[in-house]
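This document opens with one chain alone, in structure tokens, the form predicted alone.
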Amino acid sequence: MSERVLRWGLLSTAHINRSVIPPLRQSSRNELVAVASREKDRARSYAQKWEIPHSYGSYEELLADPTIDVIYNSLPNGLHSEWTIKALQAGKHVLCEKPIAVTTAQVDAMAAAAQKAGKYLTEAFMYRHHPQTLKVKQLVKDGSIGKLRLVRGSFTFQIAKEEDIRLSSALDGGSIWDVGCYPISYARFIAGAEPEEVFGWQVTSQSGVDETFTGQMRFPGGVYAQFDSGFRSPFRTYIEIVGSEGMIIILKPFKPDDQGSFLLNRGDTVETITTESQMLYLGEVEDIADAILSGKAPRISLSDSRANVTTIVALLQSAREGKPVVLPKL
């Protein structure tokens, strides 16, 4: 089984595909063989540009190809659940772009489909696989900054076009789903727990989705998190982890350089920590290959993904209602 090469198909011609194509080609266990679009000519020209052997003029044609093992679902947020379930029902494993879904009911339906099909489904939060993130987690776990107190994070950028699908309410756009999901996921990962209560504020666009979101999360044991996300501010990514004896500052937490680095501040000492080099999206590709070929559990479980969706839904509810929301205990 370890010598088997997994054949991949891209479900859409989304911009994010260009980040996944290079690691698929670097990996000895994975091979990119097909791409699908709803327009045959678009699929064909995309395949020619990226030197992909096969192209399909519909998503259904790709899923019907019996030689495809894994589907990368890079469709807009509102289509993740529908087409992931269809891919699973067609007998494919699925790496689904974040956010995996926009309701817990959707996640549950996806998980049920994966279980019934006997296939793996995992969410494409690529930063969670990078050595930089894993090193930060280990330092916090080992007590290098003392007792964890606070996690603070940001992810913002200026959206280029008003017709961008990320501003579409019909496709479940909004900054918290697009980029706010990163600092939320990071805070949960570092805390090693789920928030007990959240509070959110938002500035909405004409379509009704959030252009700017600011939120707070209260975790067990006196741990708190704050974050902001948005489409109307300069590009900013940042994570600060504060403990009782020091702090960690990560300037590229969500898209690290191949060789990650961050600052560890304890007392009067500031140390730059560097980590081993790894292509950013390679980790998520190898992770699902490990699952399929070796039976190893994916690093990002469906229960983990469900908890992130639960947190975001609660934050959006808080912003709409103008009051804190207590999350159900898992």
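A quick note: this is a predicted structure, and the numbers were derived from the prediction, not measured. For every residue, the number given is its place in the sequence shown, counted from 1.
Just so it is clear, the following notes concern the form predicted together with a small molecule, a form of the same protein that is not shown.
Novice: So the small molecule isn't shown here. In the predicted complex, which residue out of Pro76, Gly91, Gly146, Pro131 has a non-hydrogen atom within 4.5 Å of it?
Specialist: Looking at the other structure, the residue within range turns out to be Pro76.
Novice: Just to be sure I understand the contacts: of Lys137, Arg236, Arg232, Lys255, which is the one whose heavy atoms reach within 4.5 angstroms of the small molecule in the predicted complex?
Specialist: Of Lys137, Arg236, Arg232, Lys255, the residue with a heavy atom within 4.5 Å of the small molecule in the predicted complex is Lys255.
Novice: Choose one stretch from 219-227, 205-213, 158-166, 192-200: the one whose residues place a heavy atom within 4.5 angstroms of the small molecule in the predicted complex.
Specialist: That would be stretch 158-166.
Novice: Examine Ala14 and determine whether its closest non-hydrogen atom to the small molecule in the predicted complex is within 4.5 angstroms.
Specialist: Within the cut-off, so yes.
Novice: How about Pro183 - does it come within 4.5 Å of the small molecule in the predicted complex, if we only consider non-hydrogen atoms?
Specialist: Because no heavy atom of Pro183 falls inside 4.5 Å of the small molecule in the predicted complex, the answer is no.
Novice: Residue-level question: is Tyr59 within 4.5 Å of the small molecule in the predicted complex, judged on heavy atoms?
Specialist: Tyr59: contacts the small molecule in the predicted complex.
Novice: Within a 4.5 Å heavy atom cut-off, is Gly153 in contact with the small molecule in the predicted complex?
Specialist: The answer is no: Gly153 has no heavy atom within 4.5 Å of the small molecule.
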